[in-house]
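Consider the single chain below, provided in C-alpha cells and representing the form predicted on its own.
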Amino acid sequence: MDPQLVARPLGSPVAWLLGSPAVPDERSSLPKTASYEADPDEVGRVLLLYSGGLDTSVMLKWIQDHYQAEVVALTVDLGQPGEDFDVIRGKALDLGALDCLVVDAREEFAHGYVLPAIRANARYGGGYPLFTALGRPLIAKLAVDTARESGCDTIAHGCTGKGNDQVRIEATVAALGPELRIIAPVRGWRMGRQEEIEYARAHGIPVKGGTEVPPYSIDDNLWGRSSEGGPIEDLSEPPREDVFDLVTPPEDAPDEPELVEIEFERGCPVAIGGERLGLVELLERAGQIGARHGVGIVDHIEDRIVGLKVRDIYEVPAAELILTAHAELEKLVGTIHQNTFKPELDRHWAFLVYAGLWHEPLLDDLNAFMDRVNAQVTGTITLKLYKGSAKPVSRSSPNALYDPELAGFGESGGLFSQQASPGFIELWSLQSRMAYAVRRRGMEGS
C-alpha cells in the first residue's frame, strides 16, 4: 500500500474507504432524503450500472466490501465508438461481480428514443441534441428489467450530485421499479478523481489510461459525444484541440463542399446519399459524413436542472445533419400555423427529456402530436456540407405546401386572386389600425 495513504487522517475520504467499515466518517451513514434510497440493511444483491471506467470499477469493489452485498453488473451498448465490451465484462468479473450482462440496445435506442427526438427537432437550449439525456431512461429501464430477472433488490449508479443523470436514472427507476432501492456511492462519498485512483491502486483495480487524471469527463453514443470539465470550465478560452475526438476541426475539413441527400418517410430518416439503410446504420453513416466536414461542433452554455450553469462541448455530426434536414422538410409541408406553434412544443419536449421526465404523461401527449404532424413529413432534403456548416440547398416532397406559380411574380391561377388582396389587407390590419389611432389620440391629449 502507498505509505502516503497510511499517513492520511482517518477522517479523509480515502482513509475511510481504505479502512475498516467499522470506523467510517460521517459520509458512511448519510441520512436518507428519498423513500427509494437504500438503508444498508436492505441491500442484499445490487444491480450496478457498469461502464468499466474508474467510478463504476471502484464502486463494484466498494459495494461488496461496505454493504457485504453481491453485485451483478450491467453494461449497455448505445453505440459508444471504440468500446470493447468483452474487456469490460472481463474486468467486472475479475473484480468480483456475480455476472456482467452486456445488452446491445442500439436498435431500441435509435427507434424508441432518438427517432422521437428527431420528430420533435429536439435541441435543449437551442444547441444540445440530448444524446445523453435520451440514453439514460433506456439504461434505467434495462436496469429495472435486469434487476428483477437477476434477483437484485437495489440498483447502483455512478452519477454525482451535480449532474442531470442522477435525476434521469432515479426518476425512471422510481417510476418503473418502485419496489427497488437505489444507492449512489459517488454522490455519497464525494471523492475526487485522484482519490479514486489511489483507492483503485490500493485494491488492484485496473485504471483505464493509467493513473493520470484525464482532463475531461466524456460521454458518447451513436447520437453524439460530450466533453466537460477541466480546461473547458475556463469561459475566457476557446476549447482546446485535444477536446475533439469525433469531428474534424472545420479549418482542416475538405476544401470541396459535398452535397448529401437525406430522405424521410413520416419523419423517419430512411436513406442517405440515395442508399436506404436501417436507422442505426443511417445515423452512423450521417455521423461519419458530418464529422469529415467539421459539422456538429457545439460550444454550449447550459442550464442544468440542478441549478448549475455549465459549459459543455458537444460533437454531434449525425444530429446536426438529421435535425437540420428534418426541420427544413417539416417547414415545407407544414402550414404557417403549424410552423409557428410546433417549435414551442419542440422546446417543451426537449426540456422534459433533459429534465429526466421520460415517463411524464405530458411527454406522451406531445409524442402523439409529433407523430400526427410527422405523418406528412415525407420527402428529401439536400444539404451542402462545407467546413463546419450544413445548409439546405434543395427540397422536395409529395406533401409540400408550395406551388411555384403561386410563389412567383406572374399572374396566379385559380387558387389565389391577386385582386382580392386589398380587401384582405383592410380587414387584416383593422384592429392594429384602430389601436394605433386610439393610442395616438391618448398621447395627443396628455
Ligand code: ARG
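Position 1 is the first residue in the sequence shown; the rest follow in order. The structure presented is a predicted model; accordingly, all values stated were derived computationally and were not measured.
The same protein also exists as the form predicted in complex with arginine; that form is not shown, yet it is the one meant from here on.
Proximity to arginine in the predicted complex, taken as heavy atoms within 4.5 Å, picks out 124-132 from the listed stretches 80-88, 111-119, 124-132, 196-204. When you look in the predicted complex, the only residue of I218, A174, V270, V103 with a non-hydrogen atom within 4.5 Å of arginine is I218. Site annotation in the predicted complex: the residue of Y314, F264, W189, W358 reaching within 4.5 Å of arginine with a heavy atom is Y314. Proximity to arginine in the predicted complex holds for all of R136, N164 and E228, with the criterion being a heavy atom within 4.5 Å. Mapping the unseen interface onto this chain, E284 falls outside it, with no heavy atom inside 4.5 Å of arginine in the predicted complex. Arginine is not shown here, and in the predicted complex it never comes within 4.5 Å of any heavy atom of D299. With a 4.5 Å cutoff on heavy atoms, H157 does not count as touching arginine in the predicted complex; it lies far away. Interface membership of H293, defined by any non-hydrogen atom within 4.5 Å of arginine in the predicted complex, is ruled out. If you take 333-354 and check each residue for a heavy atom within 4.5 Å of arginine in the predicted complex, you get just Y354.
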